[in-house]
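What follows is a single chain, given as C-alpha cells, in the form predicted alone.
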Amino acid sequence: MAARNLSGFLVLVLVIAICEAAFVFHPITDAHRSAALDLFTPLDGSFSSLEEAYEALRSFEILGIDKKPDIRSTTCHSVLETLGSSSSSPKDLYHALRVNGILKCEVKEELFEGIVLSLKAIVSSASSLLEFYYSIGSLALIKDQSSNANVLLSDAAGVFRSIKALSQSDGRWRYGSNNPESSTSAAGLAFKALAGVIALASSEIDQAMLGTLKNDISKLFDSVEKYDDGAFYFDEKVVEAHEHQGPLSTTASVVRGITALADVTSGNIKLPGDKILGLAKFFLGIGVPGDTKDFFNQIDSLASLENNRVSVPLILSLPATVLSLSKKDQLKVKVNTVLGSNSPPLTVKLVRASRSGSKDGSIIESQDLKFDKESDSHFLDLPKTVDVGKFVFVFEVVLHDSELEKVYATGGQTQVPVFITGFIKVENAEIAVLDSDLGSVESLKKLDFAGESIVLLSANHLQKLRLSFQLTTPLGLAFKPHQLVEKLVRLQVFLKLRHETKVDHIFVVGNSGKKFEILLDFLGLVEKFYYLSGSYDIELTVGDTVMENSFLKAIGKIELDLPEAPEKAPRPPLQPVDPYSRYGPKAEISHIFRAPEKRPPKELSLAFLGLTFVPLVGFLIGLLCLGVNFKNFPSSAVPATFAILFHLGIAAVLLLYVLFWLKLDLFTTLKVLGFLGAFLLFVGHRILSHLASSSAKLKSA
C-alpha cells in the first residue's frame, strides 16, 4: 500500500510538471515519420482515391521517407485513366496532376494539350470559387509538368477580377455568387487560386489589384485567434458555410493560400512574422494527429511555411526543461525550422532567468549561449548561485546577418518554464509525545530518514504528538514545497497514521518558514479516530517536482489508549474489499473421518464365504438325484455352438442381475437386458428348432 501511494504521488507530480512545460514547441521528429507509415497504408497496393494517394505521397516526400509503399504502377494507371477520360471533372484532373507531379507517370504531351483546352474553357465560364480553384490549379500543375502546353491565361486580369468579386469586407470569401455566406477556409482557396492566376498571366498583373489583396490579407489576420501559448489559428465564424471546417483544416487552407501568394508576388505581399510564427506553433502544438486528413494538413502546412520566401518561422526548443544540479546538467537550446532543418547562423541570448511567481530580481541576466557544432545546439553552464525551483527563462534569437531578418521570423523574446532539481537535505527531525496540560516532553525521539530505524511511542487521549524537521536546498536555504498550479492541490508534506484495522488518517504538515511542524492533540481527535485504541503506523510523505529525493518513509508506531466510544459515536468506515481476494486461493478444508468399526476375524469371513457356496453344491447334487443328463446336448458343431451361446446368454442375464444389485442403475440395466434378450431369442430359437427336429425324426423312426 505504501508503494502504491508513493507511485500515485509521483504520477501527480509528473503530470503537473508536464502541464507546466506544455508551452515548449518542438519541430517535426521521427514520431511523425513512424506515424505516416502507419496511417497511410494502401489496400491491395493502392489507395481508395487519387486525393488520398497524393496526401500519402506528399507526406512521405516532405518527411523524407524512403521506405514507402510501392504504389506506382496502380496509381499511375489511375492517373492516366483520369487524365484520358473526357468525363473527368476539374477536381479529378487536379488530384491526378498532383499525383503525377510526384510519380512522374508517362503522360503524353498530346494529352496535356487537350486537357489545357478544356480547363481554359472552364475558367472562362466559371462562376464558383471551387471551379476557379481546381481549374486554375490544374493549369499551374501542367505548367510545371509540360514544356510545350500553352497554359498562359490571355485574360488573366479578367479572371482575377472574377475571383476577387467573391471577396468580403472582413477578409473572408464566398464560394459562389449565389451563396451569401462567407468562409475563412474559402479565403485560403481564393488566395491560392489568385496565386495561380498571377503565375499563369501572360502579362504582369496591375499593382492596384495586388494592393487590394494586401488589404484582404490584413483584414483576414485581424480575425485570427490566439491561444495562451502564443499559437495563432483561424476558425470558421458561421456554421452554415458551404463546407464547415475545423480549426486545423481552416488554418491549413489559409496558410497554403497566403504562402502561395507570397511566392508569386516577389515580396510585394508582406506576411506578419509574429503571426506566421504563431501559426507554425499551432501546427506543432497539435502533436501527431491520428487522422490521415489532419496529418496531411499539418505536414503540408508546415512545409508551406518552411519553403515560403517571405517569413520562414524558426522554432526555439529545449531538449530538456528539467535540469539537475546534482548531475550538473547544462542548459541546452536548439533553433530549427518547423521541419527540423538547420537554422542560419545566429546567436541565442538568455535575456534573463527569474524564479516563477517571485518578485525577486533575475538570477541570470544577458548571457550568450555557446554553440556546439556536433549537437547543433546552444548551451550554457548554470551558475553556482542557481538553486532549485521553478524558473522562467527568457530567450532571444539574434541572426548574424541583418538581411536574414527579412526572411526568417524569430518571434522576439520567448519564455520557457524550466525546473531546476536537486537533493534536499532533511535536518533536525524529531518526534515527541507531550503532556496536554503542561506541554512538557514525556518522550522524544530523533529521526534518521537515511537509516531504517523505527521509533516506538505510546500515548493516551490526554497527550499530544509533535513532529518537526527542516528542509534545506543545495545552497543551504530553507526549502518550501511550492504551489505549482494556481487553485490546484498544493504539494506539501503529509503525515499519515494508520490503525491496525487499516483505517487511515492523513494530516498536512505546516511550514512556519524555518521548519515543518505538526502538533496532533489526541483529545480533539478521538472522534476523528473513531475511538479506536491500539497500534498506529506512522508514515511521512515529502515530495516536490524539484526535489530529487522525494520519499515516503515509515517512521514508526504509536500505541494509543483512547476512551471507550459513546453510544452515538461515529463508526469507522467499511474498508474496501480487494476484488482479487475473491478469486485467490481459499483456505484449506481439513476433515477428520469417523474411526471405522471393528471388523470380524478374517477366518470367520472366509468361513461365511464358504457357506455361500453350499446352496450351489446342493443344487448340483439335487440335479444328480433327479437324474438330469446331457444326452440330448447336440453333438454336431453348429447346434452345439448355439446351445453353448444360449446357456452363456442365460448366465449373462444372471450376472446382469447381480451387477444391477451392486452398482448399475435401472436404465443401464434395461438397455443391456434388451440386447441380451434379443440375443437369447435368436440363439434359443435355433437350438429349440434343432431339438424339435431331432425329436420328430426319432418318433418317425
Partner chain sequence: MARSTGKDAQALFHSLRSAYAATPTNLKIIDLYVVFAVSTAFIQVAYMAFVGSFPFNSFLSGVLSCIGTAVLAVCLRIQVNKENKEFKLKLESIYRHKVLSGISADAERDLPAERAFADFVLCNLVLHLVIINFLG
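Model, not experiment: these values are computed from the prediction. Numbering follows the first chain given and starts at 1. If you superpose the two forms and keep the largest set of C-alpha atoms that fall within 1.5 Å, you have the rigid core.
Beyond what is shown, the protein has a form predicted in complex with the partner chain; the following relates to that form.
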| query | finding |
| --- | --- |
| Which of 324 to 332, 600 to 608, 423 to 431, 497 to 505 lines the interface with the partner chain in the model of the complex (heavy atom within 4.5 Å) | 600 to 608 |
| Touches the partner chain in the model of the complex: Ser125 (any heavy atom, 4.5 Å) | no |
| 4.5 Å heavy atom contact, Leu519 to the partner chain in the model of the complex | no |
| Partner proximity in the model of the complex: Val683 to the partner chain, non-hydrogen atom cutoff 4.5 Å | no |
| 4.5 Å heavy atom contact, Leu616 and the partner chain in the model of the complex | yes |
| Contacting member of Leu623, Leu462, Leu444, Leu152, with respect to the partner chain in the model of the complex [4.5 Å, heavy atom] | Leu623 |
| Heavy atom within 4.5 Å of the partner chain in the model of the complex - residue from Ile65, Ile644, Val653, Ala31 | Val653 |
| Yes/no, Ser34 Cα shift of 2 Å or more between the shown form and the other one with rigid core fixed | no |
| Rigid core superposition, Asp665 Cα moves 2 angstroms or more between the shown form and the other one | yes |
| Ala643 C-alpha moves between the shown form and the other one by 2 Å or more, core aligned | yes |
